[in-house]
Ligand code: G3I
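Given next, in structure tokens, is a single chain: the form predicted alone.
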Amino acid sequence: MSIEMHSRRRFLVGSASAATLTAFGTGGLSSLSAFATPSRLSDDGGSFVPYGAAVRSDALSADSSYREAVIVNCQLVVPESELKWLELRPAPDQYRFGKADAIIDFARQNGIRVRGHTLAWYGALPKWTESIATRADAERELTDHIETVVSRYKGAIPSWDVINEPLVDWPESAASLRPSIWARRLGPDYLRLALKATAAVDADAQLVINEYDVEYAGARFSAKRSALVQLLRSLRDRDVPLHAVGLQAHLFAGRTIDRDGLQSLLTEIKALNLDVLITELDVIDRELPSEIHERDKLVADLANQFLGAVHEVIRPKAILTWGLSDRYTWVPIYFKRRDGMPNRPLPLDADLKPKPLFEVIEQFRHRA
């Protein structure tokens, strides 16, 4: 739905929507301050790591077997695109919440938690944001967006990817931010503004910086890890609220996981008293053999390497894959196999049957 906005700072959820969201329960993260370490994504006191997946509102609505698979297998869901600016903001004075609301309502009805993705990102921005001309305009638009969206889902979304992919692919330092309207108009300060605005609206929300390409061997990936640590320390030193780091973990078959480098990063994150979430796990299988049994085994082996390296340093507070079933995956859009066979990057196949990757995730979920 679209909502005309006369004052985005004063946006209030209508009584019907508020009742729907409140019924979900707070599931909150209490008494947070800068660099706290909250963990309330599990309902069982932490005896297992909750598993979840990115979901699509249209598939949940149209595909009953997929919907049931999500209900059976997921303790968490994250909207794949429905909370991104491009979906929510067709115009500066409009918000379109219908698809996101549908996912929240689905989760509430089935006792599933929700993560929010994402509030400040260089990608998936509507064209109108290109006309943001000044620092004051950028600060107003970013802050108003966060206040409007986070206030709407306060109590329904206990964990947010506030900042997504802040660093360039080969950063020289923490200042090597991806070009975006936020970086151009606000500089590095956009990180502080986004995190503080989110905390101001929902003091119980877990605030996450989500990043990718930190697990591999090679100079570029080492530089990414170093810059990320610098960035986290800089936020800590300025007392900016932050509670966790999300490792996307889009694992590329053919790349080597740098166990020592990854574990060194995790040690630094742990020393900063931050939690770790695995937020977008899948395996890009374009380079793997055609034979399905062999390919599925290699996919599972790569995930096992990654999760094993993580678990030796820190137990993640959640493991999410970027999709549940090969029936719905972003991978073939960018990494279509040359042999013409379907990609198989996710825990369930296109027929919603579990694969070896599913078993690997289950093992680590229940590992102490």
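We number the residues from 1 along the sequence you see. As the structure is a prediction and not an experimental result, all values here were calculated from the model.
Separately, the form predicted together with the ligand exists; it is not shown, and the next lines address it.
With respect to the ligand in the predicted bound form, the three residues Tyr66, Asn73 and Ala350 uniformly fall beyond 4.5 angstroms at the level of their nearest heavy atom. For the ligand in the predicted bound form, the listed stretch (198-206, 183-191, 246-254, 140-148) containing residues with heavy atoms inside 4.5 Å is 246-254.
Checking Tyr95, Trp121, Tyr216, Phe106 against the ligand in the predicted bound form, a heavy atom within 4.5 Å turns up for just one residue: Trp121.
The single contact residue among Lys154, Arg295, Lys84, Arg286, judged by any heavy atom lying within 4.5 Å of the ligand in the predicted bound form, is Lys84. Using a 4.5 Å cutoff between non-hydrogen atoms, Glu80 counts as a contact of the ligand in the predicted bound form. Taking non-hydrogen atoms only, Trp330 approaches the ligand to within 4.5 angstroms in the predicted bound form.
Residue contact check for Trp322: one or more of its heavy atoms lie within 4.5 Å of the ligand in the predicted bound form.
Although the partner is absent here, His117 is a contact residue: one of its heavy atoms lies within 4.5 angstroms of the ligand in the predicted bound form. Along 279-311, one residue reaches a heavy atom to within 4.5 Å of the ligand in the predicted bound form: Glu280.
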